[in-house]
Ligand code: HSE
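Heads up, the chain below is alone and in the form predicted on its own; it's given as structure tokens.
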């Protein structure tokens, strides 16, 4: 328990990791969100926001404030909390922006409680931030941002999250074009039913993805990121998707698809030299085809998750 103040960093995530729609996600090193929190003699939650975007709510409707308030309501610690969200991640990025804000907030508040919970027990609060942001609970971003590594959501009712074994040799190239895809829009285009042959293909890819992560097999992981359920309809929301994916594959990527609901895309590489070449090709193609600038991040899987960086 920390009585004075704390700073928490929560990392971005690659939701779905391709074929693992809503059930697999991995944490990456950056970008991420930061929350600074401290105890207050004044009861209740005192929330402030540091961000340049007008798209992020500055009041208690912000996901970070929402989950912090839920924790105060449940645990009634006998003191208030001053909480500031330093919003570093873009909204509607496909990198788990709302999850990172929620996770940073719950980890910070938890550290200030007289009897902090175990890290995994904080997930239910972070998921309420996801419910507020998108209207539904999905843990493929929140779980890896909170716990680190590659996380499998085996079940939602009851919630059962399993850390997947990882041989952390694969490099993940993440490109975020300066475009926006609202999560609500990306979910509205999803099919209500899936043909049996598509389901069988997707199950095979999910199994291959899990095996590839455990073996550190970039080729197998790349092949297994193929998504025949969400990608065919969501790709239409991202200008230049097919051209960028082709450019990544031509530059040596083992696989390439959307990160979460997009517009961010990720590719799989086996070396830093290859990853840099792939990143350059993807950025160049977004600029040429979609007239969009893009940020590039190259990372192995972040095994730590949310981190207390100052107390």
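Numbering follows the first chain given and starts at 1. Treat the numbers as computed from the prediction; the structure is a model and nothing was measured.
From this point on, the text means the form predicted in complex with this ligand, which you will not see here.
- Within 4.5 Å of this ligand in the model of the complex, a heavy atom is found for every one of 141, 183 and 187.
- Segments offered: 277-285, 243-251, 36-44, 258-266. Contacting this ligand in the model of the complex at heavy atom distances within 4.5 Å is 258-266.
- Although the partner is absent here, residue 16 lies within 4.5 Å of this ligand in the model of the complex, judged by heavy atoms.
- Put simply, residue 176 is far from this ligand in the model of the complex: not one heavy atom of it is within 4.5 Å.
- The closest heavy atom approach of residue 21 to this ligand in the model of the complex falls within 4.5 Å.
- Heavy atoms closer than or equal to 4.5 Å to this ligand in the model of the complex belong, across 221-242, to one residue only: 234.
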